[in-house]
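As a starting point, one isolated chain is supplied in structure tokens, in the form predicted on its own.
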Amino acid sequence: MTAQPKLSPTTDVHVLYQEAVQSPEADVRDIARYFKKLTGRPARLFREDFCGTALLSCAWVELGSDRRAVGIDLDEPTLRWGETHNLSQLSEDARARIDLINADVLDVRRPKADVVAALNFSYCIFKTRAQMLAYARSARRSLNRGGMMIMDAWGGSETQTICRERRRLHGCTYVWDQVSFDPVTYHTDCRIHFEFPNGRKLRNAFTYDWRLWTLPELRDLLEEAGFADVHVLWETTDRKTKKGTGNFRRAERGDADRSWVAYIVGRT
């Protein structure tokens, strides 16, 4: 794992995002481990939907020489940035095992993958049930038999409020800004800002016009799309500290936390 860079006002915005939001090595290890536990075999081809800079895809192919990845995103400049700054850090062999596709995730069905992952709540760009069902159906058709789809989900009472949260990074402060939430439509407007010790601020570095989907809605949609064994992975709690452990287990019930992140899984 590379050392954490010192962030500054001149740091590229994509680097700021990757340092603030993503943990690719841990994510792909957990996904690979859970897939094998669930299916009894290793996952080879990983599809990263809404891949952005394809950081997860890069981490996936580094798990082993038999791993391949496909990253799909509509934003071509972001894909090209990932190609220049992330794929370029890989060995020639690892780079050759990643394909980046500039397209709508709804339009890509090949190559068929063992895992389709939609993380960082990226699917929340779909605001209607019809759109979300179309995505679930498309993802299922993109999987090999016995494949797995995994999405993260975000909820709790704090997700339905107007608030700001700050977290210190190495050289700056990351600000998550929930600007608005509509309880009728569950549409939410969220922003990411960065603040630096010299007083400079990078406002609205990233903006999100989302629908906040609930776990029961997502379960129903995946089942309607034809997924089998649809279930939730809930974070376990340390008995002493009462804080999350970072480990997720299959669960039928969750805790009424003010803010939580869980995973929803479906199999083909």
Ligand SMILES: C[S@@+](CC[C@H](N)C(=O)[O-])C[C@H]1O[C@@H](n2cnc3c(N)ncnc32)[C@H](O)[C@@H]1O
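Note that residue numbering begins at 1 and tracks the sequence as displayed. Just so we're clear, the structure is a prediction, and the values are computed from it rather than from any experiment.
This protein has a second form, the form predicted in complex with this ligand, left out of what is shown; the following refers to that one.
Interface residue among Asp93, Asp75, Glu165, Asp182 relative to this ligand in the predicted complex, by the heavy atom within 4.5 Å criterion: Asp75. In terms of contact with this ligand in the predicted complex, the residue from Ala153, Met149, Val105, Leu87 that brings a heavy atom within 4.5 Å is Val105.
Contact with this ligand in the predicted complex, defined as a heavy atom within 4.5 Å, is made by all three of Gln22, Gly52 and Ser122. Only one segment in the set 137-145, 193-201, 153-161, 114-122 has any non-hydrogen atom within 4.5 angstroms of this ligand in the predicted complex, and it is 114-122. Taking a 4.5 Å heavy atom cutoff to this ligand in the predicted complex, the one contacting residue in 189-224 is Tyr208.
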